[in-house]
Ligand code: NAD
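The data below hold one chain only, encoded as structure tokens and taken in the form predicted on its own.
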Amino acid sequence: MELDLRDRVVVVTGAGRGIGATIAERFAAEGAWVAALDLAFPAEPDAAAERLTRFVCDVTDPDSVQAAVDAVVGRFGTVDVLVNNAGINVEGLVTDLTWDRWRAAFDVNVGGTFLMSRAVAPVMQHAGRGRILNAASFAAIVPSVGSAAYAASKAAVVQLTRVLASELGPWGITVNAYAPGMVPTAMNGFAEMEPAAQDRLLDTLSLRRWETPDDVANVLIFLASDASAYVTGTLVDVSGGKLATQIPARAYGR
């Protein structure tokens, strides 16, 4: 089965670095025309990335979002796939969280997903097809202490996904969420932890290795393709079987 994404127009938010940058590059490698959106971009794009165009966008600002979507449509004519990757991690016990930090988590993680989806929906409705893919998190399935703002915002993304799936279904638009697990990034510092701390985290995984951005991108490429045409309104767990059983490390003899 070939997942043919040639000449599809794909918008990826939070694509300036990290997982988002990898997602954007992978879609471009699949032959899609990619619009990479972010507040800023740290370096000049690779000269080989001729199918990737950068657009400055603040996903928490309705005017900025609409201007970016208008620019993308003006450049490429449509939007076939939207990947709502942009997000922030806000940590802290409930008793320590400030209102501003709580709101920031929801403004970016939920508000950005809402604003981008609202902006591209008419374009996809006009085309009679489309894919919207929303970044949730394993924290939306099993939260951890100190993750109230992040987990609650990502759980809200899951419910928004389900509503959008039904509201946009009549136009052949599918909407799904995906839940990555433990991808080492500058934001979480997993790979820089002491070995014992890394072991404790890896022991929660059925596939006992760190997740890579490519692991996430592989799932998104499938969900963006015609092969996933009857998959909508769901949350895809891309966590390597995190806590699939109570103590998965037992299978590794630990």
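Residues carry their position along the shown sequence, with the first being 1. This one's a predicted model, so the numbers in the text were calculated from it and none came from an experiment.
Beyond what is shown, the protein has a form predicted together with the named molecule; the following relates to that form.
Student: Whether F222 contacts the named molecule in the predicted complex should be assessed with a 4.5 Å heavy atom distance threshold; does it?
Tutor: Residue-level check for F222: no, no contact with the named molecule.
Student: Is A229 part of the interface with the named molecule in the predicted complex - any heavy atom within 4.5 Å?
Tutor: The answer is no: A229 has no heavy atom within 4.5 Å of the named molecule.
Student: In the predicted complex, does L39 have a heavy atom within 4.5 Å of the named molecule?
Tutor: Result yes; L39 sits at the interface with the named molecule in the predicted complex.
Student: Spell out, yes or no, whether the shortest heavy atom distance between Y150 and the named molecule in the predicted complex is within 4.5 Å.
Tutor: Result yes; Y150 sits at the interface with the named molecule in the predicted complex.
Student: Let me test this: is every residue among G20, V59 and F190 within 4.5 Å of the named molecule in the predicted complex, going by heavy atom positions?
Tutor: Result yes, every residue of the spot touches the named molecule.
Student: Name the single residue among L97, I88, A165, A155 that comes within 4.5 Å of the named molecule in the predicted complex, judging by heavy atoms.
Tutor: Looking at the other structure, the residue within range turns out to be I88.
Student: Could you check which residue among A136, V72, V175, L82 gets a heavy atom within 4.5 Å of the named molecule in the predicted complex?
Tutor: Result of the distance check: A136.
Student: Among 141 to 149, 118 to 126, 72 to 80, 177 to 185, which stretch sits within 4.5 Å of the named molecule in the predicted complex, heavy atoms only?
Tutor: Heavy atoms within 4.5 Å of the named molecule in the predicted complex occur in 177 to 185.
Student: Using a 4.5 Å cut-off on any heavy atom, which residues of 100 to 119 would contact the named molecule in the predicted complex?
Tutor: Residue within 4.5 Å: V108, and no other.
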